[in-house]
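Heads up, the chain below is alone and in the form predicted on its own; it's given as structure tokens.
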């Protein structure tokens, strides 16, 4: 699938001059939901049909499960997630003053595990980390994204913007070439969206499972025949922070469903 997407991308951008749209104005920004067909929208809208909700339910169970040598659960510190976690995911990635850098929601969960539960970190893209992230983020569904409002995060947002507009890989394409300049077109049969990260972690039909924004970014890098950054790399965190900051004000949808 990635190989054919690469061929399709090369064909699309060779045959069509770039529109050079630049960053999308805030009043013109649209969730990926608006690009989906009626069946995919209906799947996301109905919690009994949304396969991402199975991960949310798993995360709810993990929230109250004690872990580590401290024998503590998330709920022991944070209580009822419906109250304590409402709006939290909408602020991530967030600047961590102790580390002097931004951290993603997945990284925050693992920091809590190591620092407070005395437990081992959960592997990136493991079911447990996705389930906990989905459960926490689900508490913010409908809440406006507010990431990037900390002045100390600005250099990292700028880094993410640079990476978003930087051409890379054998196809010599940047994220902006697809998602700013050519949204509303199609690539390998799928709609090109504006890359607004309103629903992560989300269920992707192509993956047949839930996945993080980092997985999606790495997939795009592979698609343009570039070397993908490792999970948790500062570059991926900066890209995620930039994308969330440019989606500021848009409502959270976790868990979203996409093709």
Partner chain sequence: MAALVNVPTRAKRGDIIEIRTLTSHIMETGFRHTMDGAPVPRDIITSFTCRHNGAEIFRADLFPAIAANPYLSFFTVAKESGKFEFEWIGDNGYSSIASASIIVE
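Everything quoted here is computed from the prediction, not taken from an experiment. Residue numbers count along the first chain shown, from 1.
We do not show the form predicted in complex with the partner chain, though everything after this point is about it.
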- Just one of 201 to 209, 230 to 238, 26 to 34, 63 to 71 has heavy atoms within 4.5 Å of the partner chain in the model of the complex; which? 201 to 209
- Query: Which listed residue (127, 116, 86, 101) meets the criterion of a heavy atom within 4.5 Å of the partner chain in the model of the complex?
  - Reply: 127
- Item | Contact residue in the model of the complex, from 220, 213, 53, 195 (heavy atom within 4.5 Å of the partner chain) | 53
- Message: Can you tell me if residue 49 lies within 4.5 angstroms of the partner chain in the model of the complex, counting non-hydrogen atoms only?
- Response: yes
